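What follows is a single chain, given as structure tokens, in the form predicted alone.
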Amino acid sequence: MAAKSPRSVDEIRADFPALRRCHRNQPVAFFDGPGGTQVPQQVIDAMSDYLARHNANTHWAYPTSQETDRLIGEARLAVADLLGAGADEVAFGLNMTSLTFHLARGLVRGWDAGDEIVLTELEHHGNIAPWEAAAADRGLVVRRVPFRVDEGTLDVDQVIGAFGPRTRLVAIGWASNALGTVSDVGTVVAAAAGRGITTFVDAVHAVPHVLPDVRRLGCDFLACSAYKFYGPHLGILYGRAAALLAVEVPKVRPAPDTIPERIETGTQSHEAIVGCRAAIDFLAGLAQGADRRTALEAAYRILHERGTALQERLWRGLAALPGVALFGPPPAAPRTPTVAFVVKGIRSTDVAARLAEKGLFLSHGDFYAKTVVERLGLGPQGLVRAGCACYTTADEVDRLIAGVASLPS
């Protein structure tokens, strides 16, 4: 039997009902993936089927409850394949920010006043505010490492140089949701592990574009969000088994105190968990492999190649336009297919609104990377952000370039 060819972009697009939408008689091109991707029919069907046929709470002795337990277990296995983890190391929650607040509160309970947390300025504030709140509660010291404003990158040596004898945690983003920068988190994690420092990786913007291997990376914790990789609104937390067991999480008695459920609070969105599994299977189905993990590896290689080509096309097209300023590392640098820009003399909100009139949907603002926008010297209007997803075409990129070119100066 001949090997299955990777799915074309046109074949992929057929799976997404949202792509049939028109606005002002023009097909919509969704460039808002960094804030949340569209969802394939497989995910919609899986969630609908759960709610229609299996909806129940967990751990009870009747069929729909037992089916729910099984489906949640299957979803943990799927996420484990995505992250290179064990199924008992995968916890679910409302979103990455909620999970991180919960983790931070429990993680610092045994720390002493004056212990230190290292953060960077390149972070989404979902990886800043939880640690700042925990530090305020416990009298901890927060050390903030700046980023290179001209390049939108981190100096890894400077991050490691911030470690001191009382550093207990380093929390670092793998990829910037505002600028698309991919940081060398592996070097930071290795240096921290060698000093007994706990490591937390915000991989929300990375996982849609970079296939993680948490075993190889060696981090203690990693968080991501299913709605950034074609799934429903759901947060995911990986925790190394021993690290999860060591967290003094607040619990409602008699909730389970075994991993991974000990880190989960209350009843979860079971339909979203089922949808997350479907999203991972969708990604694995874009290519071929002996098992789900190897299929994901092949799919990510293909998506990386396509995304890089689209990102280079968009960057060069926008860079050639007068009055357009681009931010973040250039195309040759490690980055995601996410391009941030401003148009001279036009507020970012207005740029996005005028592009929307042409059926081009982009996000604008600071994207909760508020420190990044402040350090770039931009006002409250922030940036315009365009992200390329698995369903983005070269024609859509050209439409966006032409749309920006048509804006009045």
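Residue positions are given as counts along the sequence shown, with the first one as 1. Quantities reported herein were computed from a predicted structural model and do not represent experimental measurements.
Beyond what is shown, the protein has a form predicted together with a small molecule; the following relates to that form.
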* Heavy atoms within 4.5 Å of the small molecule in the predicted complex: which stretch among 89-97, 140-148, 327-335, 190-198? -> 89-97
* To do: Using the partner position in the predicted complex, report whether residue 225 sits within 4.5 Å of the small molecule, counting heavy atoms only.
  => yes
* At the 4.5 Å heavy atom threshold, is residue 177 in contact with the small molecule in the predicted complex? -> yes
* Classify residue 34 as contacting or not contacting the small molecule in the predicted complex by the rule of any non-hydrogen atom within 4.5 angstroms, answering yes or no. => yes
* Is residue 270 close enough to touch the small molecule in the predicted complex, meaning at least one heavy atom pair within 4.5 Å? -> no
* Structure fact -> Residue within 4.5 Å of the small molecule in the predicted complex by heavy atom, from 204, 82, 314, 279, is 204
* Can you pick the one in 76, 102, 240, 124 that has a heavy atom within 4.5 Å of the small molecule in the predicted complex? -> 124
